[in-house]
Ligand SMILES: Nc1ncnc2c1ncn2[C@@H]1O[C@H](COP(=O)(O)OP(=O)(O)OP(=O)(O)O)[C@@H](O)[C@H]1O
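Take a look at this single chain in structure tokens; it is the form predicted alone.
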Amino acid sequence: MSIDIMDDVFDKALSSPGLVQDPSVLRSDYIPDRLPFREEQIRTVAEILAPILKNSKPSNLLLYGKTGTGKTAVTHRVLERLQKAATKTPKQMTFAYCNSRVAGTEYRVLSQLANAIGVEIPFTGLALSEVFARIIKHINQSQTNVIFTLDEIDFLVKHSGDDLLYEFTRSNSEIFPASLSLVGISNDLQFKDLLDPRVLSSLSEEEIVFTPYTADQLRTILNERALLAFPPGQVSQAAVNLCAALAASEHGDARRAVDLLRVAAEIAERKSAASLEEEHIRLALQHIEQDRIGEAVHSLPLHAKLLLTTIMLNQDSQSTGEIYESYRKLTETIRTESLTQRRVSALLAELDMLGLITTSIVSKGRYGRTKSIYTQVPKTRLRDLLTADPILKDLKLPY
């Protein structure tokens, strides 16, 4: 019986023309030829990095903005054109990109950047100082001007500290006549608050803030994607308008808007719909919300999960100090070393940014103010997600 069901599904998929004619246009890593409403940022990034074409070291650059505001797309597009322009000069130039969250650790960040510029680094086994020394040696010997792009740089600093950034920023005293510049991309507007003063003083960066897209801007972006992805007349304007409005209400995230359109198209195809309509957008929103929460919790490091567990175990709101004490006891229960209170505060800020918790400042009169913290995820759902971790599954969580 199950074989007949599968055959029916697969035969239907083969015979159906489908709604989407070019699925790649709706992928999160797709970068369109035109980036509407980001012309000013493109020009500024290009102007800051352009000195490398004249054999001058560009300023370090920090790009801030919420997820889906075009930071990574603008950087890729500018560096792509800069690489093309570099072919007109005799000077050696190399550009390397690494997503810090995907890489996960300082070692993997360094090894990925090293491999991208032609320095072979083993998957593990070397000290960070040795990897860094090999990168500097290669840049000096090849006399290459290098630009490293670190995406989600705030994740790296929150989880590993800012030592790696310090080594990068002070390295130019060891590099001659070549150069090394950094482009950092951060989803956290308060990222610089995490940095040590010595790192800030040596960074000497320029900054660009990417503001969220408005509903009208997202509508234009979605209409352009729909023209590329769907045959004419297969997507209603009402569906596009709803998709844009929903994404605009959540920080103006273009990536989320396009993802919502993609999932809606998949749902419409499964229902054999003639076109993509508002109802498919609403169904896609429900689907994405469930997947987003699950994926966010699943990808968290152990100590972030322990903090979520600590918050969940208390029915009422808790202050940062109370959470830290409960968290420390929980780490003793599973026999793991606890983080410092500063690192825990950084993890709480990340959980807040992910939408897994919410914080509010509560006045206690003459006793001052304190921060109260609540979970945003239903406790039964959160328990199921947390106990999927083999380290936490034996804690016998309630709810």
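Numbers for residues come from their place in the sequence shown, where the first is 1. Since this is a predicted model, take the numbers as computed values, not measurements.
What follows is about the form predicted together with the ligand, which we do not show.
So in the model of the complex, does Thr72 come within 4.5 Å of the ligand, heavy atom to heavy atom?
Heavy-atom contact with the ligand at 4.5 Å: present for Thr72.
Partner contact for Ser59 in the model of the complex: the ligand, 4.5 angstroms, heavy atom
No, no contact at 4.5 Å.
Might Lys54 be said to contact the ligand in the model of the complex, defining contact as any heavy atom within 4.5 Å?
Looking in the model of the complex, residue contacts with the ligand do not include Lys54, since no heavy atom lies within 4.5 Å.
Is there any non-hydrogen atom of His303 lying within 4.5 Å of the ligand in the model of the complex?
His303: no, not in contact with the ligand in the model of the complex.
Counting only non-hydrogen atoms, choose the one of 43 to 51, 346 to 354, 329 to 337, 64 to 72 that falls within 4.5 Å of the ligand in the model of the complex.
That would be 64 to 72.
Quick one: in the model of the complex, does every one of Arg27, Ile31 and Glu152 get a heavy atom within 4.5 Å of the ligand?
Yes, because Arg27, Ile31 and Glu152 each have a heavy atom that approaches the ligand to within 4.5 Å in the model of the complex.
Looking at Leu242, Cys98, Ile221, Ile147, which has any heavy atom no more than 4.5 Å from the ligand in the model of the complex?
Checked against the cut-off, the match is Ile221.
So which of Arg255, Arg134, Arg292, Arg108 reaches within 4.5 angstroms of the ligand in the model of the complex, heavy atom to heavy atom?
When the ligand is considered in the model of the complex, the option within 4.5 Å is Arg255.
Since the partner is left out here, which residues of 32 to 50 would have a heavy atom within 4.5 Å of the ligand in the model of the complex?
Stretch hits, in order: Pro32, Arg34, Leu35, Pro36, Arg38.
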